[in-house]
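The chain below stands alone and is given in structure tokens; this is the form predicted on its own.
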Amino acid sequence: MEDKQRSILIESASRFPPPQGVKISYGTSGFRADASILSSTVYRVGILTALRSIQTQSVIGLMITASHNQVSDNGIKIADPSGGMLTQDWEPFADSIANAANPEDLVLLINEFIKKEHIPIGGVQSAEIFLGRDTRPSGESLLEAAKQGISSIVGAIATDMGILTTPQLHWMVRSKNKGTKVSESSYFEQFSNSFRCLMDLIPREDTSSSKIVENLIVDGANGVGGEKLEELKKLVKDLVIEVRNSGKEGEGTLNERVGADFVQKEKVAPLGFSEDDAGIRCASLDGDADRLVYFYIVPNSNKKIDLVDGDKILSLFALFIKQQLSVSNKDHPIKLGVVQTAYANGASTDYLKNLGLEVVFTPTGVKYLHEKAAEYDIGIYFEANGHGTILFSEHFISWLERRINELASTSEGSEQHKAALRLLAISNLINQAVGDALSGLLLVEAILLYNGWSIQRWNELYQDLPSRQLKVKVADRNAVTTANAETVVVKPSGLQEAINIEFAKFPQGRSFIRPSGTEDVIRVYAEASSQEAADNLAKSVAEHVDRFLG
């Protein structure tokens, strides 16, 4: 490292001292903590993204958001050149620089890393980082810290893309690195055009009918997703969408008894919904709009809901794609795979396997699911919490385009031709960089209309096994290690045996634990044949966790 570069780093780092007595860890999707202690971390991640951009000679993204966390928190997510999450190889470096005690130690770590990775800094190499933030009040000051970190690397440029959803920033990074147009308007244009294309391919007995009669009500979590959905819905005339909890000033607090995480965990309707909405198709976004769940309120139930979660969204997508593949292609072998985590409801896995689909499991975390899904011609992944997407390989898209051309010349307008066009439209409608609640919502709506299904009919694809999730606070979450896609406890010794004894007591019992990626808690999941049994199983397992780790 040249002296000039070293002195710039020392001087700028001194303006962002790390919080004393606090260790900040890189979780499943980045850093997250109370916003008041994050300036140093965001500054240092700015440095990391600049180095990553130089190494890859690509645009990198830095998103300031804490997703579904409370409004006083904030965090950082990093978008790699593909639009996906930061490569796991760089996570230890992220951890180490976030916790460097002083500027000198920080520069030493950076110098060792650039030597090991052969990253040339201080020369003519350039770097560009796209910055985005959600609507949290702390976002603006943290954005400035990120800019300071980026500009402390010679040749690095920060481009502020404004207030965005997390998926919008990831999409922009992917698009820029593929050489296509990048702006918020081009994001809206691609997805609204692809939605219209898919709608045009829906068979209608009455071609004059182009409206969905039943309204869709969307809970925007009082976050950035509600704001962006208001813009998107102006471009999709085939849908009638009412946005609640849109984040307008004075309307409510971000993620407070609203949003996909609240709805999925608590299984009650969010604030702003009432018994008057019973039976209506509803959806809920999370704070940065990378999660989506559907629900409907059960009549006379005190706002209790039937949840249509990420597992059901995955099943809807998988069924539709499988159907279109079977029509459009008779001979060419297509590798279609479904990727889940241990949190997937056991009934969903059975349903997908009964469709004849290949189902594989990974540890919790989108980075694991995304990587596995990329191994297929078409890889579909979703977590039960509503975070997921569909990946189409370049090889498959090339084959599909050739197939469409062949069918256009021999049997244009045939069902085979239309099915192939639907698959191409889906590849453009779904955000292949990362889970995107807005693009996912448009795809759900198009498929429901194609099938002529209500949300109740969709929910009847299979009957979920009752489940319960709990959190157990511990001194050190790293005291627990797991294997087999987080379904088996390796450490501490004896805990897995205790869990096995508990779930053997319950019909269709299943339970596992895993350390949180963001906080010192152990997450407990349990399912069984009845809600009472699932609740009791989760409670018993949580007590064992407390006993072994207390």
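Numbering starts at 1 and runs along the sequence shown. Not measured: the values here are computed from a predicted model.
Below, we turn to the form predicted together with a small molecule, even though it does not appear here.
In the predicted complex, the small molecule lies within 4.5 Å of some heavy atom of S67. Put simply, S40 is far from the small molecule in the predicted complex: not one heavy atom of it is within 4.5 Å. Residue contact with the small molecule in the predicted complex: T364 places a heavy atom within 4.5 Å of it. Taking non-hydrogen atoms only, Q508 never approaches the small molecule to within 4.5 angstroms in the predicted complex.
Residues placing heavy atoms within 4.5 Å of the small molecule in the predicted complex fall in a single listed stretch, namely 28-36, out of 491-499, 43-51, 56-64, 28-36. Proximity to the small molecule in the predicted complex, defined as a heavy atom within 4.5 Å, singles out one entry of S467, N255, N385, N431, which is N385. Interface residue among K322, K265, R403, K233 relative to the small molecule in the predicted complex, by the heavy atom within 4.5 Å criterion: K265.
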